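There is one chain below, alone, in structure tokens, taken in the form predicted on its own.
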Amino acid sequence: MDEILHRPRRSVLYVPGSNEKALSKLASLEADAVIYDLEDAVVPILKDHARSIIIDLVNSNQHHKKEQIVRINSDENEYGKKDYEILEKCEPDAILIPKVNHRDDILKYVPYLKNKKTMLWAMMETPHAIINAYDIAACSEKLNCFVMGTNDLSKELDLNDLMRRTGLETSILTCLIATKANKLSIIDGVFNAFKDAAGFEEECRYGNGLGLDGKTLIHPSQIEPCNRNYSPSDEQIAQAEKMVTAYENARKENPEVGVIVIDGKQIEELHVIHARKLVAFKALLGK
């Protein structure tokens, strides 16, 4: 059966690696994953200090219940070259590679992965990344997630605020198809106006409706609505469990059954596969 389960990635919170106050509050937050940011959120003078903080934090294992990702700097500059220390001195769940343009931007990191745990995530934030999305998604078994860098991509595409989401749709769908074809996760970009609760909820519903796995966040207040919108509802779970039970019972009675009817709707195996994923996701969340 073609099912891939991974850790929930509904809410993925960016935290600057130099912000020790924010880092100290992570234990109390319900984000599924945290991205310790060494790139845009850290000024050059603090990058060495931030790197040291992150290495110590990952090694402390205090946030092991969250997926821990480190967004490094591009290795085209001195800071990115120093960030290879991350792979030598600790074992985060993943490294988020910025400014990915083509598959080689991923593959050059693979030889530095010295343990089985650490994976690679790709920051999809340039037009070249979108054009090459499938080749990037298929390039390595060590790659398991795309993160949409919607701010940088909007800038590169000269999108204005009025048409920003519409202008990004082709890029998001291109990456969505590439990730689904290669069984990777895909995480939506950030919502900058963190005080606009209604706008944020709308964007979460949009992303979940498209089939994205979650959303990157810039503020703790975004975690609860993000988790809620990217989780199946109690009604959806109940319907999924009903579907799985009915289909399995029908198969026990007649192994050749391919189609059943529930509440007047025709149910085939493809619907049951999706229902099983919802039930499994519920189990992963501990609901």
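Bear in mind that the values here come from a model prediction, so they are computed numbers and not experimental data. Numbers follow the displayed sequence, beginning with 1.
Below, we refer to the form predicted in complex with coenzyme A (COA), which is not included among the displayed structures.
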Worksheet item: Would residue 94 sit within 4.5 Å of coenzyme A (COA) in the predicted complex, counting heavy atoms only?
Response: no
Item to complete: May I ask you to check whether residue 22 falls inside a 4.5 Å heavy atom distance of coenzyme A (COA) in the predicted complex?
Response: yes
Worksheet item: Would residue 71 show up as a contact with coenzyme A (COA) in the predicted complex if we use heavy atoms at 4.5 Å?
Response: yes
Discussion item. Is residue 220 part of the interface with coenzyme A (COA) in the predicted complex - any heavy atom within 4.5 Å?
Written reply: yes
Fill in: Option from 75-83, 131-139, 153-161, 190-198 whose residues, in the predicted complex, bring a heavy atom within 4.5 Å of coenzyme A (COA)
190-198
Practice prompt. Work out which of 237, 246, 29, 55 lies within 4.5 Å of coenzyme A (COA) in the predicted complex, going by heavy atoms.
Written response: 29
Discussion item. Pick out the residues of 36-58 whose heavy atoms come within 4.5 Å of coenzyme A (COA) in the predicted complex.
Written reply: 37, 41
